Ligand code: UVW
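Form predicted on its own, single chain, as structure tokens, below.
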Amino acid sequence: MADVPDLTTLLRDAPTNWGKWGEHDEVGALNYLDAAQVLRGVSEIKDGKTFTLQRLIGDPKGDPVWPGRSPAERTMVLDESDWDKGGKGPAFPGGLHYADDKINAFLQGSTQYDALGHVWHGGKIWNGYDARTTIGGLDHASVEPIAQRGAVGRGILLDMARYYGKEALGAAETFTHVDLEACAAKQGVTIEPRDIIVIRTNHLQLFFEQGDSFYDGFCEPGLVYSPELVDWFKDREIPNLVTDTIANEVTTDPNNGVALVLHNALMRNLGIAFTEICDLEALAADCAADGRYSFLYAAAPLKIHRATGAPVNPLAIK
């Protein structure tokens, strides 16, 4: 596209929630998830079925990550071989042996929460903090406040793959808030104010089927920017957007050529928490089987000081 606008121009008139919860706020729209919303979520539990939504780290079939990031590497530090003859295993009274290991990983290289200060444009991150406060680590709007607070409320699964009658959505396929409403109606569920929106595309199934070619011309499917879509999220006071893709939205907007517009319009401007790379397959299968697409959603990423994101294993309980 010849004339790609910069984000400052594209989002010049976009709404923001800056200052809504005070000048020092660092968790944004998660403030909507008050005690009443927690209890509303709890009321969705009918039979106690529990689903964990984290993808396996170190999957033998591979770990899908954003291009330029490498999958986590797990290294064994100590195991039974260290007590073999001449080994380095420490001697404990009573003869205790143990195994120990570590990982080297991108904090956003698995199922994870973005910090609200993870992306920006125009020199300002969430709530108007100066982007230079990210140097060496996030002084403001890091993932730590989200981790300290957690996210608990009524979750609603919008199974876009099944809505379109597909096993998985392909690269660069887009949908809008109108499509989300239509999907909900087809599922027999209503999107209510302050719902945690969980979107299934099953796109990452193609990663396991295609291997390295999955990244050729990389452009994930997902929501596509429009002023009306941003207003929809703002008016419904959506606190958290959760998807099974790496970046929660169509990677490059087909209408303007800009990358990751919604990271800015929804997360940077409105303070909506982003949860990415979820495994929604077991949950989706169960929802399709019993016709219930709402549940208690509960999550808290790892508490990591000044970090731009952190791994998480969200729970959906029906």
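Note that this is a predicted model, so its numbers are computed, not measured. Sequential numbering from 1, following the sequence displayed.
The discussion below concerns the form predicted together with the ligand, not included here.
- For the chain shown alone, Leu260 is a contact residue for the ligand in the predicted bound form, at least one non-hydrogen atom being within 4.5 angstroms.
- Taking the partner from elsewhere, His203 is found to have every heavy atom lying beyond 4.5 Å of the ligand in the predicted bound form.
- Contact check for Leu229: every heavy atom lies farther than 4.5 Å from the ligand in the predicted bound form.
- The ligand is not drawn, but in the predicted bound form it has a heavy atom within 4.5 Å of Ala247.
- Taken together, Thr16, His24 and Lys124 are entirely out of contact with the ligand in the predicted bound form: none brings a heavy atom within 4.5 Å.
- Taking Val189, Val119, Ala171, Leu180 one by one, only a single residue has any non-hydrogen atom within 4.5 Å of the ligand in the predicted bound form, and it is Val119.
- Checked against the ligand in the predicted bound form, the residues Ser142, Gln108, Asn240, Thr243 give one hit for a heavy atom within 4.5 Å, which is Gln108.
- Segments offered: 42 to 50, 62 to 70, 281 to 289, 24 to 32. Contacting the ligand in the predicted bound form at heavy atom distances within 4.5 Å is 62 to 70.
- Contacts to the ligand in the predicted bound form (heavy atom within 4.5 Å) from stretch 78 to 116: Gln108, Gln112, Asp114.
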